[in-house]
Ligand code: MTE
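Shown next as structure tokens: one chain only, the form predicted on its own.
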């Protein structure tokens, strides 16, 4: 996704807190009455999903977060073409009808911005339908020595002052590009892909942060060398302090993470039974357990997963809480995946960047005094 995923900007986003009463529990699985995105920027368009409005495994299209890098390009499906070039034996150029004839696959995938804050709304889940990228690459025939596959969007702009305008682009290692679940998607939740989400075609790279899921896709290039474009070498880079300088590595795979949807920060709730709810995800791995603490982390208890954790998509969870003690309470959550990874209690002190923010999420709420 052509994401403006700078961690510092993510921290500046104004995430409104919506009051959610106990009565909201009864509409957890009901459809939304209105969009719940929280706008932060118009140019480029940046809007977060209101995580407090989470109520089902799929995010409605009008609520799915938007993080565009440049202005939305104007594309016409009739004139749109997708080129496959570079180190291939048979270069391809397909129109939309020709692409659809390649067959389709549908997969549920959670996309998260690499700079999504702890508790932030730059994360959403949808059903994506499209053509596996591997089909086009195999049809074109990759030459020997191909190292990565570059995905180029139609959106274009100035990335840094003093530099010429550039198209947004990201590259995938050839193994990920050939994975059968890496899609070129033209539908979202069973309907035509919306313009703001990449119409007429976008990449969906399951389990990897959303900046790799390039929108408004127009060009696929097979490269026999490491991609040195600015979005691969200067953006989305993990930087760690070392005794001798710093270490820089590219970011791709999503980390295990869980967030609380309800209660929200500062919520005032009644004494008695209350259901704490949220979602957890682990990228290419599966969430196996979610734990909740209501006593500042002194004791952790297992939450109930609403379905078995699966790769690529979040799983909803809930925890019954009996709120007998009035006053302030800190509710905390952490998740574990099938590879033994868990959310850390705090940020790695050696990290110097604003990406992969996945430490334990905590909200503070208040339980009312008895009438």
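Positions refer to the first chain, counted from 1. The structure displayed is predicted, hence computed values, not measured ones.
FYI, the form predicted in complex with the ligand isn't displayed, but the following is about it.
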> Should residue 68 be counted as a contact of the ligand in the model of the complex, where contact means heavy atoms within 4.5 Å?
Replying inline: yes
> Using heavy atoms and a 4.5 Å limit, would one call residue 64 a contact residue for the ligand in the model of the complex?
Replying inline: yes
> Is there a heavy atom of residue 183 no more than 4.5 Å from a heavy atom of the ligand in the model of the complex?
Replying inline: no
> Going by a heavy atom distance of 4.5 Å, is residue 262 a contact of the ligand in the model of the complex?
Replying inline: no
> Using a 4.5 Å heavy atom cut-off, are 278, 287 and 336 all in contact with the ligand in the model of the complex?
Replying inline: no
> Out of 199, 208, 274, 236, which one falls within 4.5 Å of the ligand in the model of the complex, going by heavy atoms?
Replying inline: 236
>> Taking 4.5 angstroms as the heavy atom distance cut-off, pick the stretch from 100-108, 150-158, 175-183, 137-145 that is near the ligand in the model of the complex.
In response: 150-158
> Counting only heavy atoms, which residues in 204-228 are within 4.5 Å of the ligand in the model of the complex?
Replying inline: 210, 211, 213, 214, 215, 216
